[in-house]
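Only one chain comes next, encoded as structure tokens, the form predicted alone.
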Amino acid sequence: MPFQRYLLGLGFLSPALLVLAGLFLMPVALTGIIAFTNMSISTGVSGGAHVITGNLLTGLRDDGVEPAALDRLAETVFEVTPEALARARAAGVDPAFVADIEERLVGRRFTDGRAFERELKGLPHRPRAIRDLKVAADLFGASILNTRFADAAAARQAVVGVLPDAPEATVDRIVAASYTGWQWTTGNFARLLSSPDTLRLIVNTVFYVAATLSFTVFVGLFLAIGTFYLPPATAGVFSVLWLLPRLTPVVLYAVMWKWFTWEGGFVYTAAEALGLPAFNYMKGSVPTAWTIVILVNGFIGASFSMILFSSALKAIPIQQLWASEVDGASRWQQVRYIVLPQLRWPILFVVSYQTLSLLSSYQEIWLTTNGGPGRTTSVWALESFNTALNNYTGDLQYGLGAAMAVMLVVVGVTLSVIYLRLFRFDDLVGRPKIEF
């Protein structure tokens, strides 16, 4: 019977478990997997081929591969083979001229295009036009450059054919570098740890989260406690007004802030009328850009905090407040000794939730300053988004962006554990100390 109940309960939970696995666990797992690859827009998300390009040779030259070997790879070789002769016939070259080539030059190989053309000029049925002669010569040319090889074995065979005396290590480097698909690597994390931009992003993110979180918690507390002591009707109207940042669609909310702070906006017009500096406050300077970013996100978070704190305040027994008033307690003493101690758990939740939310949020910054001016207001989450999905150059680096996201998850989980220890979460879920 217990086992049957277990199966029945599992059956009822199965839809929720499937949704959890499909919408949460699978994306997290895929992000973790992609973080250990060099997957990008150039590699694609599936397997690739081997292609030796001019840019690849330049990179190998910079990495110390012997220049003479790379120059030979870039050369075009002219060889008279049955395949090349068939290609010439199919292209409509004079059959008599093709027959001359087959009779006198078959099996010969030329590394210099001019030398091959000189040989062709000496044939009886050569074309009279130089252009036709060059077109015919090109049909016998073959180069390893920009040739697509299906696998490493074919690429290796082609490289060895051009560089028969090259060391095996050199051939291995060329073949490995020519692979266009993604590969497993830990280079993304090494790159993040060594990049000079990493420290700037960390400082920006810490400042953004700390400043916005402080605004969210303290303003939310102030609003909740302030409306708690107001008459119910007035408190209701005031609360609804403060919910507007939370209820307004984020795109419309960002447009409103742009109208408020850009050239010709409300702040700009007011500053100009008062003789104060008037400019685009959202992108015109670093201090004003950070102020806008913090306020945009802070008002949304304060609305959320106010809802939770207001609900928690209503759960406080009113008799405690009455008793404190009989004892002569002031409003501040009520807040300090009665209200705040009983808001400990709601504050824990708001701090934890808002920290994780701010760590992963970027849409408000993206829609307002877009990390500007320059990249001074860019945070870790926004940089991860731009790296993987929104790069202006089109060089989307999925693996590097995923690695940044994984590091953000690790930081979020670590902070959650710290918060739970700091606020003694075990007391909240433990057995009550007073039994009724």
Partner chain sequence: MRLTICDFTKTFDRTTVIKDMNLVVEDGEMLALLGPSGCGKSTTLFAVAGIHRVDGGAILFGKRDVSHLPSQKRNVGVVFQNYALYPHMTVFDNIAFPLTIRREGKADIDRKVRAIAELAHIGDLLARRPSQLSGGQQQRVALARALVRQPDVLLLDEPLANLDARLRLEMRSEIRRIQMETGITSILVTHDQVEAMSMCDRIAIMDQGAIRQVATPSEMYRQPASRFVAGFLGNPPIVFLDGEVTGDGGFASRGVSLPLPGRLRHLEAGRPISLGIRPEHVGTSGGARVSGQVVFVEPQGRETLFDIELEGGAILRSIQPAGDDARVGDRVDWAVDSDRLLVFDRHGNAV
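No experiment lies behind these values; they were computed from the predicted model shown. Numbering follows the first chain given and starts at 1.
If you look for the form predicted in complex with the partner chain, you will not find it shown, but the lines that follow are about it.
*Asks:* If contact means any heavy atom within 4.5 Å, which of 99-107, 329-337, 156-164, 120-128 contacts the partner chain in the predicted complex?
*Replies:* Selected stretch: 329-337.
*Asks:* Heavy atom within 4.5 Å of the partner chain in the predicted complex: which of 325, 83, 172, 151 fits that? Just give me the one.
*Replies:* It is 325.
*Asks:* Report the residue, out of 214, 320, 183, 186, that has at least one non-hydrogen atom within 4.5 angstroms of the partner chain in the predicted complex.
*Replies:* By the 4.5 Å heavy-atom cutoff, the listed residue in contact is 320.
*Asks:* Would you please decide whether residue 341 lies within 4.5 angstroms of the partner chain in the predicted complex, comparing each non-hydrogen atom pair?
*Replies:* Contact check for residue 341: yes, within 4.5 Å of the partner chain in the predicted complex.
*Asks:* Relative to the partner chain in the predicted complex, which residues of 108-142 have a heavy atom no more than 4.5 Å away?
*Replies:* The stretch does not touch the partner at all.
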